[in-house]
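Take a look at this single chain, the form predicted on its own, given in structure tokens.
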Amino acid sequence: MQSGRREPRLSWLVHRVLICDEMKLGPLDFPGVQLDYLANMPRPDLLQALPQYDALITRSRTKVDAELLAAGSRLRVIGRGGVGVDNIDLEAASRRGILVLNAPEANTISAAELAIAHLLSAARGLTRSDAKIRAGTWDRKFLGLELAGKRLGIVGLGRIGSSVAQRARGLGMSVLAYDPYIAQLAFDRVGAERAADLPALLGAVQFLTVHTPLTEETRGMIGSAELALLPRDAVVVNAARGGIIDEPALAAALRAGQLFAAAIDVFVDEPPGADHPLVSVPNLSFTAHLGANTLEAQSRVGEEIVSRVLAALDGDISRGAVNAPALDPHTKQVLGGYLELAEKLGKIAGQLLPAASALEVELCGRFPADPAPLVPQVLVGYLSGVTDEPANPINARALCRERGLKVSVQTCEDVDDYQSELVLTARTEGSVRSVAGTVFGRSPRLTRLRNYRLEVVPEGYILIVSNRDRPGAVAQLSSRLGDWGINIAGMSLGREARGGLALFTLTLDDRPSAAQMEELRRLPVVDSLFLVEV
């Protein structure tokens, strides 16, 4: 294990890499590479040394801001050991053409094993019994729960959630999972049944663990109402992010005897104060945000990020890319409007069908330059709303593969009505959503939704409504929106034939509330209604 400091050597080698933060590392001798481990460098020393290096590897301590990036005149790659890249100015790095990498998979096993350990500990009262023995009480009356034969509910079936599912099945549990953004293939891989929605999952499991990122959508997603849906004497574990499970609600459910036990590795505010509502609850066990804290995980972090940085310096940028260096100015200038269109089509498809199992991209007609860069931009747009991992043109295909999302690309020479058209079709076994667009001058336009021809500027909030082609549909929706003070900025209409099926879009200045959307869906003139934000 390499642990000491050493001064940078001045010999000229192919690649020169500086590790400036503490991490566990394997051997640092690589042919053709000067790799210097100078942990905890003071910032002035780092600024002075950085111009000598092609790559920089950090953890969370070093703030890689615009000043540091400017000092690294030779920098081509920055590696972040671990997952988060909050300490790195991604936009500034991208502008300078510097690739940023991370190693998010390194702690998957450790985090999954901790969640399983908490399930077992909470079910058998391990910390409760330990505390009593230390206090001088020998209590053999406590009755725990077995995991075998029980159903585990998993909210979030990404890397860690999938790993938990596999381990739970090895303990004899069945698994029911809820993740609207994961394709069915990912459920099949780990032997998990798919829950239709969160309430359906909560009412059918005896154990619950959450493995989602913390976003505005997931913050407090397990609150009082959700905990009440769990069977009495259920076990709840949060080893993901503090705040996914509402902390006061969990404390109240435990004190009321609604739950058998719970276990927490993460808090909203860390460390929690002595007056935190969870700290004094007896049937609750804690760890101090230890999901990634194993010798093996920490070793993998160091080894993986070094491996990825060296591969990137040799031209392999397929693993761990967090950002994407900017396109060359000429390509960006020529394809600018199409790049914007591609990302917006992806975003729309991601909102219309977030759990797609296949994406089909069609490049039709004559584009002003090689349209190949449009494909990864479509994937970036799609992934932006369905995953917490930063998607970019470099890592987009790899993220799609991880999610069980198949991507295919076709080209066609002819296109009706336009010189060029970009078409994106998202599919599941039972659903298909298709959206197409082109560019007028440098301005993107939607040209087709499903099989309906229309023309829409893709910006703001777009209400997509299908109905029978009869008078009054647009007027009724417009009237309701007007009553609510929601301005209509634009409208487009497409239909199959007079009196048949029709589809129209209303571009809105403001987002209708969930209650308003439900009211619109109940209108007799509406067959289906979606809202997308672009």
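Note that residue numbering begins at 1 and tracks the sequence as displayed. These numbers come from a predicted model, not from an experiment.
Not on display, but discussed next: the form predicted together with nicotinamide-adenine-dinucleotide.
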Per-stretch contact check against nicotinamide-adenine-dinucleotide in the predicted bound form, the hit in 122 to 130, 351 to 359, 159 to 167, 449 to 457 (non-hydrogen atom, 4.5 angstroms): 159 to 167
Heavy atom within 4.5 Å of nicotinamide-adenine-dinucleotide in the predicted bound form - the one residue of Phe286, Tyr181, Tyr461, Tyr418 that qualifies: Tyr181
Candidate from Ile222, Leu363, Ala111, Val175 lying within 4.5 Å of nicotinamide-adenine-dinucleotide in the predicted bound form - any heavy atom: Ala111
4.5 Å heavy atom contact, Glu217 and nicotinamide-adenine-dinucleotide in the predicted bound form: yes
nicotinamide-adenine-dinucleotide contact at Lys344 in the predicted bound form, heavy atom, 4.5 Å: no
Any non-hydrogen atom of Val83 within 4.5 angstroms of nicotinamide-adenine-dinucleotide in the predicted bound form: yes
Distance check, Arg300 to nicotinamide-adenine-dinucleotide in the predicted bound form, heavy atom within 4.5 Å: no
Site check Val155, Ala240 and Val266: each within 4.5 Å of nicotinamide-adenine-dinucleotide in the predicted bound form by heavy atom: yes
In the predicted bound form, residues of 181 to 213 near nicotinamide-adenine-dinucleotide [heavy atom within 4.5 Å]: Tyr181, Ile182, His211, Thr212, Pro213
